[in-house]
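What follows is one chain in structure tokens, specifically the form predicted alone.
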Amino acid sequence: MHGISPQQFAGSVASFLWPYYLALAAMNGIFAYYLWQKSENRPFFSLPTPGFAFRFTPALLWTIVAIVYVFLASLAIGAHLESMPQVPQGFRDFVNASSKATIYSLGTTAVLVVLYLFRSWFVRPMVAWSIWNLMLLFLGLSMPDPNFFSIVAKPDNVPIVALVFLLAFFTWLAAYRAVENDRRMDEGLPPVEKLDDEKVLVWPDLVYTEMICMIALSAVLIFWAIWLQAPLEEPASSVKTPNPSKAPWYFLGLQEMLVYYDPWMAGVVLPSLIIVGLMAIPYIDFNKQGNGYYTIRERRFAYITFQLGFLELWVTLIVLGTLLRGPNWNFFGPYEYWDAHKVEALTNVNMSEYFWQYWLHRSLPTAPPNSTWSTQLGYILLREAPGIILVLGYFIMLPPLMAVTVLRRYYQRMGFIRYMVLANLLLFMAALPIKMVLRWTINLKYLIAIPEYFLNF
């Protein structure tokens, strides 16, 4: 129970769960009342019975869901773990076994692909509300697990959990508006934003709105500070460091990149390319459609690139570093105990070692003793020639190949310079997941390893 008795743990879980379930009950009750007031509250099905016809409507469904949440709150308020519903142990074991790096990354990518392909169905309010409830119910049913609770309820990690749910909501909202606009344009109608073309003044309209938001946010932060204790620790000491030692949540994606690249690459080059890429967008974007309104169909390339870059290559890395990275920077499942003695024997191998030692069964090329600087450099280049050829081929050969295949239309419309900037930015973005998969599958450390000059890639 992570240093506390079972009774104390049950009390901590109960103090969170019963208000949580009551809040979900109120949320669904308000939604059900809203549906009762709508004339479009069409029934899922009707059962004719003597005297009346039973109509199972969406409002009735969410009323039942609200009642179920009230029942769950009554079970949690007693502070007995045995009476609190929770996810089955078999499901927890399955999630722990599936929380490996490769499965996690490929799984999140597959989820994004499915959401994109079937976006017209997922953005339906009733479908989105169902998924939203399933996510919240999953969180509630997982809290009685002591390992899950110790991670999620940690004051440092509460903002990450809130980030996941808020990001899911706002991503749905943007996709919903985009799908609606695409449908309207198919019917020859203007986008929704065009219908609200009223001029709004900064003063007083915008200033009043910002002031109200400022007051509300200040109140939320005050209650947050009272409810959650600040995660302050003892003064820093060089003889005692936390295990794991993690950066603030907004740098966890960067810290995860440091696992696969040298500090100069992950801490300087890649962040700089992100900034340069954002600055270059207005100059390399030739598509003038989609300005001022939400759309996916008119800006598929930009939409897909942003979703993969932001959600898959940044947000998922933050979640991974927060919830799945434990002591010694090992991977742990969300229901797995963070054992500091867990040791995973991994031998990371450079591309030069793979080529010379494993494939050719020869020792690495080494300069003779007391050789000149130029001779030593020549042997270093010979040793790393396989990786250098792969990296140069990746950045030199792929842009022309893409220009005549998948990105042919972009090359024709953008011209050589703008296309090369775009292609190289895309290749640098793709280099991160490629390097991650190579590390997880074949334990590849560096494609180019030149520690003599602090140059590793």
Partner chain sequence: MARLGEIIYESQIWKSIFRHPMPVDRRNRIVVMLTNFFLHLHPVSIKKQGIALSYTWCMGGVTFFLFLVETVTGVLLMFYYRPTLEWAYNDILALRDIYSLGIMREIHRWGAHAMVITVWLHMYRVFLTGSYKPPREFNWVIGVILLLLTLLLSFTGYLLPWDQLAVWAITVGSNMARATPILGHEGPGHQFLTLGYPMITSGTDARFALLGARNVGEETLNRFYILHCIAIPLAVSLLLAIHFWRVRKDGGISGPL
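Numbering follows the first chain given and starts at 1. Note that the coordinates shown come from a computational prediction; the quantities given were computed from them, not determined experimentally. Definition used throughout: the rigid core is the maximal C-alpha set that superposes within 1.5 Å between two forms.
Another form exists, predicted in complex with its partner chain; not displayed. Remarks below refer to it.
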Exactly one of 111, 135, 127, 174 comes within 4.5 Å of its partner chain in the predicted complex through a heavy atom, and that residue is 174
Considering its partner chain in the predicted complex, which of 210, 187, 344, 82 comes within 4.5 Å of it through any heavy atom? 210
All of 30, 107 and 144 within 4.5 Å of its partner chain in the predicted complex, heavy atom check: no
Among the candidate stretches 149-157, 95-103, 380-388, 335-343, which one is within 4.5 Å of its partner chain in the predicted complex when only heavy atoms are counted? 149-157
Can you tell me if residue 242 lies within 4.5 angstroms of its partner chain in the predicted complex, counting non-hydrogen atoms only? yes
Any of the heavy atoms of residue 297 lying within 4.5 Å of its partner chain in the predicted complex? no
Going by a heavy atom distance of 4.5 Å, is residue 255 a contact of its partner chain in the predicted complex? yes
Is residue 180 close enough to touch its partner chain in the predicted complex, meaning at least one heavy atom pair within 4.5 Å? no
Pull the contact list for 436-457: residues with a heavy atom within 4.5 Å of its partner chain in the predicted complex, in sequence order. 452, 453, 454, 455
Residue 218: Cα shift of 2 Å or greater between the shown form and the other one (core-aligned): yes
